[in-house]
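Just the one chain here, laid out as structure tokens, in the form predicted on its own.
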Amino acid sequence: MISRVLSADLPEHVGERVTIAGWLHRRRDLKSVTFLIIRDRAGLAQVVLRAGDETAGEETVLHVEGLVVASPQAPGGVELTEPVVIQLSGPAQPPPFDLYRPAVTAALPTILDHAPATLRHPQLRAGFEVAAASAAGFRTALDRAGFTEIFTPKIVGTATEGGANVFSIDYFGRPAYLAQSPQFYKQAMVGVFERVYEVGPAFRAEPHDTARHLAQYTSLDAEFGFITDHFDVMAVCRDAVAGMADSVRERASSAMQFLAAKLPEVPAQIPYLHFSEAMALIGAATGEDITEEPDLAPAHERWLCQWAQREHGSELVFVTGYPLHSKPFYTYPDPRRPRYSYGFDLLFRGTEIVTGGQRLHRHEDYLQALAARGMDPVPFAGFLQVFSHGMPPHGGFAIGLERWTARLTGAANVRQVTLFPRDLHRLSP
């Protein structure tokens, strides 16, 4: 039996009989000849049949044995002749739009409703190649920095952020929640490994219906100890983002080219400004009175990214020192400006893609922080015990994979680069 050859490798087999297998991407019937375009994970291959030879419809899975010959007009510069075609699946039902056309002609709801078929379109698939390369780059960058990958529970007994935006579930008759983040666990594991990271789902029961929010997303989390302050965390965050960009360049360059997308140049030091400075700049430029705002609005994020591009030539910019009351209770306060925190966000092409900061690390500071917010420490007893056994100064960050991928590829809606998205309205497929 002849071993299967992928479409991208066919030029290496000119003059040989080989086997390919994949989906019938397109059939073109001419007067004296029929062309079959077969799609596999590596690309497209052309098969030449005699006119009138019967084959199944598009998206049927085929096994083809044939002779590889040079053909400058064919995909990859080669094609298969003298073929023997075997059908491996039943006749395929047509997808909701023609997958062989270069442009996607369907609206986003149609794409999402029929995702198992529509995501076969090369343009739609390309975004997920970029996401996979990004996650691989995140892992590689942190592995090189001495981090250990961890895998934490996604069913928890306490809302991580202490808020109400959690999904409640029945856990064998007891109340439980889907984890908003691995925050508590990754902090605890700093006490074991010093440096940890995780790639996994996070759940937010926030009734947003925007192009940038999801109820379930993929969070790239990191946490590490023995830091001086949040600037140490920002430096590692910068290296992780640079590693993600490098991995996309190495692993998914063809997908980026297909999407006409451009990778950012990650500077050796990403520019940053304090939250209060950011608000002053925006207020002076727009005439808005936003000095008391606790967070950046989307329009403000876009303005700051334009400012960073204009002033620093960077598509990335850190905003540091968010108001303490707008950050989770475990965020470390700025000792010189107690109203502000050692928390930060990273903005990229107009959108926040990272949140992070330095955490409290002393047991007594946690008790004081919870009391200051009127929060009962009892539900957090399992978390608080970590700090009674000695923890170093530490901090971390989380990158939203889908937001990063959307900004990187130019997707207008984060759902375009989310596999089977879960949001306010969608629970299938």
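All residue numbers refer to positions in the sequence shown, first residue = 1. This is a predicted model, so every value here is computed, not measured.
Just so it is clear, the following notes concern the form predicted together with another copy of the chain, a form of the same protein that is not shown.
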Problem set entry | 4.5 angstroms heavy atom contact with another copy of the chain in the predicted bound form for L36 | no
Exercise. Closest heavy atom of L370 to another copy of the chain in the predicted bound form, within 4.5 Å or not?
Worked result: no
For this session: Answer yes if any heavy atom of H361 is within 4.5 Å of a heavy atom of another copy of the chain in the predicted bound form; otherwise answer no.
Result: yes
For this session: Decide whether G390 counts as a contact residue for another copy of the chain in the predicted bound form under a heavy atom distance cut-off of 4.5 Å.
Result: yes
For this session: Name the stretch, out of 323-331, 147-155, 298-306, 78-86, where some heavy atom lies within 4.5 Å of another copy of the chain in the predicted bound form.
Result: 147-155
Exercise. Among V14, R17 and M256, does every residue place a heavy atom within 4.5 Å of another copy of the chain in the predicted bound form?
Worked result: no
Problem set entry | Listed residue that, although another copy of the chain is not shown, lies within 4.5 Å of it in the predicted bound form (heavy atoms), from D98, E352, E315, E194 | E194
Exercise. With another copy of the chain left out of view, which of A117, A211, A242, L273 would have a heavy atom within 4.5 Å of it in the predicted bound form?
Worked result: A117
Exercise. In sequence order, which positions of 4-40 have a non-hydrogen atom within 4.5 Å of another copy of the chain in the predicted bound form?
Worked result: R4, A21, G22, W23, R39, D40
